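In the form predicted on its own, a lone chain appears below as structure tokens.
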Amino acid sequence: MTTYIKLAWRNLWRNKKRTLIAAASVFFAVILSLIMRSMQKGYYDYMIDSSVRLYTGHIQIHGKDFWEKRSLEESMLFDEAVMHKLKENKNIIQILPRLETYSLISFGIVSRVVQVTGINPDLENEVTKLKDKITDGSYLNENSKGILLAEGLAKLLNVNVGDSVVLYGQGFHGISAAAVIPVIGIVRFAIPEQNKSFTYLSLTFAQEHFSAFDRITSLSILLNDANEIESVKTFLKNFFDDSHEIMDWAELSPELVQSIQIDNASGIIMLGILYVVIAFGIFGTIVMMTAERVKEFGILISIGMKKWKLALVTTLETIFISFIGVTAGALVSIPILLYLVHHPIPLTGETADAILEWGFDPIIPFALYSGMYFAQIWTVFAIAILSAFYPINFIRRLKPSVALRG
């Protein structure tokens, strides 16, 4: 066997140009497939991370029927000591208490139904960077008695910072919740629906306004590793009783999951098309190599070399070429992908505007996972190895008399 390996290796470098062309087809195939899959996975991760940070958290805890009814009657008592105990779990990095409900907001003769969210200003800003979205006025603090309005909502009401709006709704246990509240800040959101309907109060003021003292509607939990969601959910279910409901981001945002699944399916189809192109490129190179060596094969068979031995040598040559191409492609792709992961490609023009409308930055993010990385490498390597069946079949059917005539 050692003799055949040496013979195959020496055969490669008898015609360096041919070998390098064949290896280059595998090399570029590896790089292209890795970049394409990295871009797909990076964008999915980016969408999930943005949604988790802005809205749901990786996991959310709320009253058992709150997610279905969205009523303050399904709120739960809030104890900061519970937050400290939960943070003892090494996978939990932040917990956001929120009081969410709907109310009627009025200014002059204009009224709108809006979502009112009571937040801990400091904790919320750490995660969602809400303070950075202020376009006019100031941000909330723990003792604020004012309200933050989304920019689109402020325009609909024709309200400016310093004006006072009427907030009217139903509080805990059906108590009327009405107050005249000054506007202390305007917040700009990229998503149009959010920009026309969101308002924020400090958590303590929201609890007071809705007579929901010491109560919240949800605890949004962020993890340092999204892969630990199931273990943290198990921990939380053991911590809380049956009067609480624990849901992960996929359950809270099924529309996001569906959009990712649909896009991933189309991405796999596109990747399949790329693999077909790659397969034809590699196969064409192998066919070219085989056609160039017809006379050589005829001479070797004529002087007594068994066909199976010749087929073994050509298979080893294909394996060597594939290995060279895959290894080189893998090594070169590492710095390329690392650069793209840390320097996403910025988008401009109409594409950027369309992405901004969904609340995401206009960039093409990339990701780098070992599983994704090796999956693409092995796929391309398998395509190259399958191409080796062509010279094997060619040699099996080869007639020396015909081959010697070229």
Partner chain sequence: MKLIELYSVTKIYDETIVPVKAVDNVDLQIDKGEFTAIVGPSGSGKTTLLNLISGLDQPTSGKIVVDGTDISTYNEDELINFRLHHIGFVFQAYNLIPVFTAKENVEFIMLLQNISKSEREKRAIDFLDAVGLKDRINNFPTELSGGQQQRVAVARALASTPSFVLADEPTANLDSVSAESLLDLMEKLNKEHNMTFIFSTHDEKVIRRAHRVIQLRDGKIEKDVLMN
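Take the two forms, superpose them, and find the largest set of C-alpha atoms that agree within 1.5 Å; that set is the rigid core. Positions refer to the first chain, counted from 1. Treat the numbers as computed from the prediction; the structure is a model and nothing was measured.
Although it is not shown, the form predicted together with its partner chain is what the next lines describe.
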**Report entry** is_contact(residue 398, its partner chain) in the model of the complex, heavy atom dist at most 4.5 Å
**Finding:** yes
Requested in this report: Find out whether any non-hydrogen atom of residue 300 is located within 4.5 angstroms of its partner chain in the model of the complex, and reply yes or no.
Outcome: yes
Query raised in the report: So in the model of the complex, does any heavy atom of residue 131 sit within 4.5 Å of its partner chain?
Result: no
Query raised in the report: Can any non-hydrogen atom of residue 90 be found within 4.5 angstroms of its partner chain in the model of the complex?
Result: no
Query - Site test, 3, 6 and 10 vs its partner chain in the model of the complex, non-hydrogen atom cutoff 4.5 Å - result: yes
Query raised in the report: Pick from 305-313, 110-118, 166-174, 67-75: which stretch has a heavy atom within 4.5 Å of its partner chain in the model of the complex?
Result: 305-313
Query raised in the report: Against the rigid core, is the Cα displacement of residue 155 between this form and the one not shown at least 2 Å?
Result: no
**Report entry** residue 297 C-alpha moves between this form and the one not shown by 2 Å or more, core aligned
**Finding:** yes
